[in-house]
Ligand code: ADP
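This document starts with one chain, in the form predicted alone, laid out as structure tokens.
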């Protein structure tokens, strides 16, 4: 019947088979990232077709770089990206929870419980969890606590041995850019430079551009600089169409060359007349123009990215000019100091003392590009966590403490229900235990022993007791400074339960065209069958 209404090459999976395939794909993905969870998690090496290497244990980076084609697995990648965009951390937790919720749902499906009942139970449990979470939280009141949140976010990443120094920078950066309970992370520019060690990473109050002045004849430092921001080329435009120029005498050739020079001189004159002492150009600057700019004592950099140009506009208060004819003094930005600073052979331009004091840069240092990239990911996680805290200054105990307490309370809630939804709510509670057991497993501890100890401790009223992986013991993680923003947990529970419910509601998968070779290794599914 299918072939009568669909093309011959359409693949269709119906009912229990469709659910089984989707659940297995989600489980494989969750199993892939689970070994990266926590301070004792392992790293993944990702190699693309061009041979580029990424070494990381950042969940969203791993999932984004993997070539995934299974539609259900793609949905889990989407929740990881949403988690990263919304709160900047907790991506691995969100994917693992979604995978475990689906795995537990499969047990209920095998008991002939209808997917609609399971999804209703999961929705009730998720709503209850989000109601309970605020009762388990505490408010952040000091810089020391903010530093601990940033350290928790960075623990397990490549920057772990320098997390105290980096957490101080992150706290300082967030406090500078925070305005009215909001943090615009676009105000924090991250610049990477190979060399030295991670501990040499520093915060600059201003914008740092990874470019040096275009001519050695230009000044290396400009005080009280008026800055012209150009997204047009500082050179003579070439004709858009193929053009021929006929020259029949040396005089004509000389006249032609003189005219080019006059055009470039006129362009430099417009800059000089505007009062600009610094030119930041998104495109090229002609060699002749460089000479004239240097003569006038103007500092110029070229090939600056569009995003950097926009950050400079925000920092200096200048406007980005698309046509040099429009350049005037009122379009210029201001910076107290524009300076080229060389470290080794390469130089960088530091633009400090800007009109907008919230424009800052973090310069990341490290021995190799892979190390620097991983430090950047760790810093972004820390910044994301602190940005969440500025919006909602509440934290919960880490180390699996909050998941165990939620699990306990949701099990209690399940006893108040009648009908088969009770079973789904219980499975939701069991899924939450997957986080502390994985933390223990990744640290080489016995997950069952740790889970039993945590449950006994929480039954005794120690709701903040979690697994301190630095000591290998069950302790009050809130008191130990192992804390996480409540928004991270809120988002992880919301997004994982939503995607699990959506996947469970699918009973028919219609795939158009011949399926491509699966690049996600789903042969591992056999291990779970």
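Note that this is a predicted model, so its numbers are computed, not measured. Residue numbers count along the first chain shown, from 1.
If you look for the form predicted in complex with ligand ADP, you will not find it shown, but the lines that follow are about it.
Option from 194 to 202, 170 to 178, 277 to 285, 86 to 94 whose residues, in the predicted complex, bring a heavy atom within 4.5 Å of ligand ADP: Going by heavy atoms within 4.5 Å, the stretch is 86 to 94.
Taking ligand ADP as it sits in the predicted complex, is residue 485 in contact with it (heavy atom to heavy atom, 4.5 Å or less)? Contact check for residue 485: no, nothing within 4.5 Å of ligand ADP in the predicted complex.
Should residue 147 be classed as touching ligand ADP in the predicted complex when contacts are defined as heavy atoms within 4.5 Å? Looking in the predicted complex, residue contacts with ligand ADP do not include residue 147, since no heavy atom lies within 4.5 Å.
4.5 Å heavy atom contact, residue 386 to ligand ADP in the predicted complex: Residue 386: no, not in contact with ligand ADP in the predicted complex.
Contact flag, residue 435 vs ligand ADP in the predicted complex, heavy atom cut 4.5 Å: Output for residue 435 is yes: heavy atoms within 4.5 Å of ligand ADP.
Would you kindly say which of 493, 469, 503, 28 lies with a heavy atom within 4.5 Å of ligand ADP in the predicted complex? For this set of options, the contacting one is 469.
Please identify the residue among 338, 80, 228, 439 with any heavy atom within 4.5 Å of ligand ADP in the predicted complex. In short, 439.
Output the sequence-ordered list of residues from 19 to 53 with at least one heavy atom within 4.5 Å of ligand ADP in the predicted complex. Counting only heavy atoms within 4.5 Å of ligand ADP in the predicted complex, the contacting residues of 19 to 53 are 36, 37, 38, 39.
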